[in-house]
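Here we start with a single chain on its own, the form predicted alone, put down as structure tokens.
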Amino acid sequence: MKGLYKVLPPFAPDYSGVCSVLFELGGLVIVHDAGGCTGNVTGYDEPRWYGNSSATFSSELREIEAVVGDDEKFLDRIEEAAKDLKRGFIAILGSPAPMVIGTDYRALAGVISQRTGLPSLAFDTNGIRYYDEGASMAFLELARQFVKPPALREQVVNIIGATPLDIGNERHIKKIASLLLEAGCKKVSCWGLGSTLEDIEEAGRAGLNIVVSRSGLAAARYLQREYKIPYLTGLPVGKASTCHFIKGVRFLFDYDYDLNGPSNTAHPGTNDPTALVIGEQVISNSIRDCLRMDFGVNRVTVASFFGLDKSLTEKGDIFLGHENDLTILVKKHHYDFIVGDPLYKELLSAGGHSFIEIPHVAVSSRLYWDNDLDYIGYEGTEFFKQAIKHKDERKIL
């Protein structure tokens, strides 16, 4: 039955994506729900709750309030919380129950802004879409609401699209920031992961935006239209990709050119090894680049249960509508190597492929988010080299 998941758990929903983006920005985040959705965010979709905290609350919506449409009680609670907590903005997020009764979040945000004097953001999340859609909404709304027109352009870089749901350990972003500083950037700001709301307000000064997941694309494109800031899509994974990444950033700051033009795509032979990368599109594309550039695995397909942007999609890439699509895909093509979250292994038939585990928090939640894998930057080559040698006796390297 299409859409029936028997093996994979529910993926992180859209409101979790919004909460993850806003976690460190000093706002008051209200999930309009009965309590369960907020518990899902704090218990399963956000590693930073284990060691840190954020002003994220449930509206504790009750049946009688939903039936009679009593928004005043909800508004009063938010107003009281805003007085007590002294936050920089307020965000209201939806969940399945208020979606059913047609709650107007933008109208509520307008009332809250008038009462509190704070910027109020409204997100029409519903718990049915996945986290990447919510994160995309949040990054775009931050760009629209808070980025100021730049007085001057500087050698500053914004990293957009990074949340633990995709990136995992924060040290991956720190490594990318270190590479950017090595390339000559004076300052690196990562939206929602290590940066403040004030950093986002000054983001218009940047000479470059780095998009590290598809959820950052909408905001980067908005900043390109409004403030003429070019953007580069992808992460440095492996030696060749990292060298290319650093050279591209240096070149951009010296000569203004289009970083998003067509890349050199390999033309594989019929006997070349094949690989399948399952995951978030931008990260999966970056792993594909590493496999091609460092190991000569040219026939690499990207597959994802999450959104695929057409401009980043190669011929043969596939959207997975339900879990059985993955089983059918692997049976049909017999890949030599498969990269993805460990939970995907149960969907794959026994065969000649080797499976390389890279956990995806939005998929497997707390099960593997402590697996500290080092595949970003130059170390990515050694990571995949060891993974392939360990898994594959043929040792194609």
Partner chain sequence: MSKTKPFCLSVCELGSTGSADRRRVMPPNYLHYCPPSAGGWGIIRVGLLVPESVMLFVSPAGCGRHGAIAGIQLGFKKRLFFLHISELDIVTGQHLEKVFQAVAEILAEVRPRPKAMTICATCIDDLLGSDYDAIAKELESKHGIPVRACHMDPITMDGKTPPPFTVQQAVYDFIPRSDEKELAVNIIGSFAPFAQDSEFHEIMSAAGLEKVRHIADCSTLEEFYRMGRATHNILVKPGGRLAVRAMERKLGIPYCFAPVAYGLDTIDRNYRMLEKFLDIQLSTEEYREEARETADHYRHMIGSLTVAVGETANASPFEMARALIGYGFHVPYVFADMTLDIDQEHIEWLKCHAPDIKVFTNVHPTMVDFLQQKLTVDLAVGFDAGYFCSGAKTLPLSLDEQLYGYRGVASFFRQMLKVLENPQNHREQMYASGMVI
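Numbering follows the first chain given and starts at 1. Everything numeric here is computed off the predicted structure, so don't read it as measured data.
The next section is about a form of this same protein that is not shown, the form predicted in complex with the partner chain.
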message: To test your reading of this chain, name the stretch in 230 to 238, 193 to 201, 126 to 134, 293 to 301 whose heavy atoms come within 4.5 Å of the partner chain in the predicted bound form.
response: 126 to 134
query: So in the predicted bound form, does any heavy atom of Ser349 sit within 4.5 Å of the partner chain?
result: no
query: Any of the heavy atoms of Leu61 lying within 4.5 Å of the partner chain in the predicted bound form?
result: yes
query: Taking the shortest heavy atom distance, is Arg225 within 4.5 Å of the partner chain in the predicted bound form?
result: no
query: in the predicted bound form, does Ser54 have a heavy atom within 4.5 Å of the partner chain?
result: yes
- prompt: Leu179, Gly248 and Asp325: each with a heavy atom within 4.5 Å of the partner chain in the predicted bound form?
  reply: no
